[in-house]
Structures are given as C-alpha cells and as structure tokens.
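First, one chain by itself in structure tokens, the form predicted alone.
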Amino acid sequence: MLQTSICGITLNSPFILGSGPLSYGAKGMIRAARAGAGAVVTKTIRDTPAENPFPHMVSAGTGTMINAEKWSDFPGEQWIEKEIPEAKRAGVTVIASIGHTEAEVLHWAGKADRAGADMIELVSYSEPDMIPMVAAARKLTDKPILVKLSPNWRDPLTCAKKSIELGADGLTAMDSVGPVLRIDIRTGKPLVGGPFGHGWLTGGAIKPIVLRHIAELAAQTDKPIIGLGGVMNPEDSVEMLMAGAHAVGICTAPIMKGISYIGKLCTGLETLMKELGASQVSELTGMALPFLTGQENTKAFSFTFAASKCRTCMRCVTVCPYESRTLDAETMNMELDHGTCRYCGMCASVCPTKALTIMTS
C-alpha cells in the first residue's frame, strides 16, 4: 500500500530520511531503513569534513528545531570506500548528498555513483551555484539527479526549471529556513553556537512555507518531488502528497521522537489512506492542486456543531476576536451572533474534537 516510485526507483515506503544527523554514516542509514524509511539521504559529502560549533542542535518549541550543523564530519573518501557500500550491502536505497560547489560535484558525484548510490542529491547554500552543479553532475552519472531547493533563495521555481532543462530528474523541496535566532533569557546567550547565534529552522514551523513551494513546483513542472520540511505526523505527510509531492522527506520528527517513529508514520499513513479511500500513495499526489487557483474563495459557509463530540474546552469561545460565539457548558447550547461574526473560521480550526466544523456550500 505504501510502495511508491521516485525517478523509476521503487521504494517500499514513501518516507525518505533527509540528509542530517541520523544519516551520519552507514550504521545510521541502515537503522533508518530498518525502521521503515524507503530511502535514506547521506549527510552532505564535501571536500573537507565539517567542524561544527557547540551547541549546534536545540529544540525550539513543540515540533521545531534550530540547528547550526554543517555537512558530514566524515572525510569524503570514507563515504565512497565504506559508508555507501556498507549501506548498500544491507539493502538500503541510498541517495548521496553532494555539495556545495561545482568543483565538489566534479570531485564526488562520479565516485558516489560507482560506490553504489542509487540517486545523487545536489545541495548548495548558493542559488547561482546550483545550475553549474547540475550540468557537472549530468556529465558524470546516469543515475537520477535530485536538486535540493532552498526557501531562502530568491526564485526556487526558476532554479528548478533551469535544473530540469540541464538534466535534473527530480526535486527535493525544501531545505531549512534561515538564518534564525533564539536567545536563552537566563543568560542572554544564543541557543546555538553559530556565528551571531544564527541557526536554521526545521520542523513543524516551516511546513506552510514548504507546502506553498511544493504546490507551485508541482503545478509548473512534471518531475517527481520529495516534500521535505515540517512533517511531524501522518497528517502532515498527507498534506505534502496532496500538495504535489511523490514522496515525503523527514528529518526533525525522527530526531525528536526517535528513529522508531518512522514505523509509526508508516502505520499512520496507511490508516489515513484507508480512511481517504486511497489504495496507493500516488492517488494522493496532487489532489489539492485543482483547488489551488488564483482566485479568492468568496463562497459563504456555515458552522455545524455536534454537542456529543464537545469537551467544553471553550477554545472556540476564547479565540473569537469579536465575542460572537457562546457556549453553555451545562446545556451544551451554542449560539452565534451572526451580526458580529466575520466568519473568519478560527473557532472551527482550533476545535480539538471537530465538534465545531465548517460546512461549505
């Protein structure tokens, strides 16, 4: 049920572990695959091993993380001679992350191919650098090439289109958001040790940003997309697919919840697919696109209230800026002042049990 395909390569699960701490080497990659990841992206291979600041990963609230971690701290040759081959022998579908310059692509892309990588993912902090990187990689490998886009770039869509013209086979959308800053109010010091206290935001906070880009990419390109950024639960993965993703990247969730959480994501997605009447992941891909038009929705809606589902948490009453909604907790009688209500929809969106919902015409 969860089987999907990216660039002609069949994956047993749509969940792809993104480049990061959990894919530090073969041992971590194998562990992720056994936990349910359909493919695993290596930490980024570069000419010089990374030296990270301290600390370089912190929790920044529920489902959100800030990191100042760099690329792989293993030498590139170690990936070629040991880590990738070892992961392949264990049956892992390996996506080799190569960065961040054309020179480094020329140095490592062909070697990663020969080491057994199933796909090559190109990553760069600089938008202008990506185009020559794609051109260089295409000359060195026949393996599928993925371009990892950044929400920090001026025009990711144009970069994606140019990359496809030069031979890119798919897109990873997207990298982390930043730079960002958080401060420890007890000490006045930044939470992470990067220059100026800067780090990069991942997790649930960036999902709305990523979804917008995925929908735009899916509407204007025909290449497979790995939706990466903010998937913390099975519902998030469905959103990614409906926006146009063909597979779902994960990174922060299994870091914060443990590697075994990948299996729970798989089980949860299967349950949701059954509820939605989908027998294949591909049936969900792009489902939302027909509704994402350039026009505002001006159609009126009404509210429905199911008292049997209500826990009288009063959230719907509390969040109303116009004091338009009331609820008698004893009688379970809910009233709405239609004269003051602006139909913003906030009240229904915060209802934890969906006792209050929106009914569209």
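One-based numbering along the sequence shown. Computed from a predicted structure; not experimentally measured.
Below, we turn to the form predicted together with a small molecule, even though it does not appear here.
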{"query": "Segment that reaches the small molecule in the predicted bound form - one of 136 to 144, 266 to 274, 245 to 253, 76 to 84, heavy atoms within 4.5 Å", "finding": "245 to 253"}
{"query": "The small molecule contact at M57 in the predicted bound form, heavy atom, 4.5 Å", "finding": "yes"}
{"query": "A26: touches the small molecule in the predicted bound form, heavy atom cutoff 4.5 angstroms", "finding": "no"}
{"query": "L228, heavy atom within 4.5 angstroms of the small molecule in the predicted bound form", "finding": "yes"}
{"query": "4.5 Å heavy atom contact, H213 to the small molecule in the predicted bound form", "finding": "no"}
{"query": "Contact check for S19, K70 and S176 against the small molecule in the predicted bound form, heavy atom at 4.5 Å", "finding": "yes"}
{"query": "Answer option from V123, V192, A109, V281, heavy atom within 4.5 Å of the small molecule in the predicted bound form", "finding": "V123"}
